[in-house]
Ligand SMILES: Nc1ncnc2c1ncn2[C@@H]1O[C@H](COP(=O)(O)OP(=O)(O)OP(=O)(O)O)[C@@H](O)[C@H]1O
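Coming up is one lone chain in structure tokens, specifically the form predicted on its own.
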């Protein structure tokens, strides 16, 4: 079902400036949509129409098939939550707790329900320590997280965020996108605007590019970012991974579809031209021309003398034990070096969260893999990791980081909240990695 739809949307400011001209926009239920465009392209004005904050000069806005009108505006605003670009425009209460509680109060919840809802959101956004602080005294990144938390507390069906990651550091961006992914896995439709092409390319199901109040182009990220001229004409930059791919393709090294992740990029590389030479660490003193067999050890390729083994090659130049060397004419199946992936599905917040998890079962699973890397994605999974006093090797871009670690020979355990575990399974299958999944 279509969650948000605009038909021929136009808007002109009082001074006659046309902010939007004939916008046809559509976001399906459960979809992640990124809206890109330079400053002044109309992104914010468009978003203000989604919950009736401003009325169109011409055209129509539909929410779950219902046109916005005076009679249904209150219900529309319950279903569509809007996070402003400037957090100061959204935060007004004397404490963070009261600010987040404002929405649930307006929904008519009783005091116990409000307290429970605010506590849940504070935990989800890892801002419990800010509950009694004045929002005016917070950093820009903290204000942004509180503003998003306040909207999430109202449990809208659609979450619309105007530049949600602006003013945040790398950790804040990753955590926020992780929470949005978690909400999306719970069925929420997420629409955000951004200047970050890398984020739009790797995160969104669909991308809209706005320019001068018009839809410049819309479609799948892979199709959008494949059009180099389109991106340049729209005043945007290509994602770094796409730029790298283009340089490799121009040199005849990469081929195939535009990659939107490091894993996709690796598959684009022509193994015949590149993979016959590998970097390795000398396991003993070697000389140029020596035949060596390769093995994976602690995430590094190690070369020892000998021509028997699953993967073999020839040393390019002399090297002493422990030094980096190059090995050419590599033959054999490198996939055999890949580690195993263990996926632990932690109950999501709506399923009881970390409190519903069997800690002893987790410890038993972890004890079976001594040489491993651990990752956690989703609020419940991260809370569980903290409860157990464990350290994560990766909390950012967990799926890709986990897959890359497995391809370097590490056994990897990923704790994932709720439905996010399914995404890890899907990616492990896609990369043909050995995996097993446990449900707590």
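Numbering follows the first chain given and starts at 1. Only a predicted model underlies this, so the values are computations on that prediction, with no experimental measurement involved.
What comes next is about the form predicted in complex with the ligand, which is not displayed.
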Is it true that 3, 30 and 51, all three, sit within 4.5 Å of the ligand in the predicted bound form, judged by heavy atoms? no
Please determine whether residue 214 contacts the ligand in the predicted bound form, using a 4.5 Å cut-off between heavy atoms. no
Hey, in the predicted bound form, does residue 181 get a heavy atom within 4.5 angstroms of the ligand? no
Does the 4.5 Å heavy atom contact test between residue 42 and the ligand in the predicted bound form come out positive? yes
Taking the ligand as it sits in the predicted bound form, is residue 24 in contact with it (heavy atom to heavy atom, 4.5 Å or less)? no
Please tell me which of 85, 238, 312, 268 lies within 4.5 Å of the ligand in the predicted bound form, judged by heavy atoms. 85
Exactly one of 133, 77, 195, 222 comes within 4.5 Å of the ligand in the predicted bound form through a heavy atom, and that residue is 195
Option from 377-385, 43-51, 63-71, 402-410 whose residues, in the predicted bound form, bring a heavy atom within 4.5 Å of the ligand: 43-51
What are the residues of 3-35, in order along the chain, with a heavy atom within 4.5 Å of the ligand in the predicted bound form? 13, 15, 17, 19
